[in-house]
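Below, in structure tokens: the form predicted alone, a single chain.
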């Protein structure tokens, strides 16, 4: 590991001391695409790594309007009452045209944002596939090093965000609305296969519809192979607005961790996620180096036109461009 510069060492010390300003600055550094910032961020991350891994990581997804922010606030307030510190990494969708993002989670979680025991970090997804910001994983580790007991990652709830967040958290939670659809629709969405806990939110609005939806989801689960032999996904009914069912939900999370730790799957899952993370970064780095290669940059426009006109096959063009990345002996 490279030796830390004085500013990096000071930043890492601030994060480990739980200073909110240092944590925010470290996350901003990790999100930067400037080469010098990336190098600095990696040095800081390496130094705080031994202090990570103690928090429970919860991923929460669901369609827009399902009440994710309200649910997270209710859960966060419940956990703070139990003496825990809670960090929320809320990924907002970015505009495909301007790249801008609303970043409104702090306003949607007004009560939670005022608590000293909570840290809410809205982050633009920057158009990344999966709806999860490129450096959300680094932010998660930094929050753990800062001493937060529970890290919640909220996704935009569209596209492949469910797969992305399930790949970086311990427990993946899907929020559903009453009247969400029949068993077949639930299976076709594919998301049920990823969920460890499914919570039907806003159950207070129409209890009968919530009961029906919960029953349909349970029926769908019975036709699917669970991701773990040791854990059968649970289906709960909650009302975040009325603060109903939150305690039962947290108990389900604790049951999940206890059962999965007892059979060894909890740690195995984290090790696999870390390895998958490494390969994702390798692929991202190779793609970046490919696009910044001078030879590729010079040849790409003409070769692209040739492919569009049918003069060169896509495979031949790809192979030609990839030749520029061959390592020199």
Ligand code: GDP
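Residue numbers count along the first chain shown, from 1. Computed from a predicted structure; not experimentally measured.
This protein has a second form, the form predicted together with this ligand, left out of what is shown; the following refers to that one.
Checking 255-263, 195-203, 139-147, 211-219 against this ligand in the predicted complex, the stretch whose residues place heavy atoms within 4.5 Å of it is 195-203. Though this ligand is absent from this view, in the predicted complex it lies within 4.5 Å of a heavy atom of just one residue from 115, 84, 108, 78, which is 108. Think of it this way: in the predicted complex, this ligand has a heavy atom of just one of 65, 285, 301, 35 within 4.5 Å, and the residue is 65.
Although the partner is absent from this view, residue 224 stays clear of this ligand in the predicted complex, with no non-hydrogen atom inside 4.5 angstroms. Residue contact with this ligand in the predicted complex: residue 69 places a heavy atom within 4.5 Å of it. Though the partner is left out of this view, residue 239 does reach within 4.5 Å of this ligand in the predicted complex, counting heavy atoms only.
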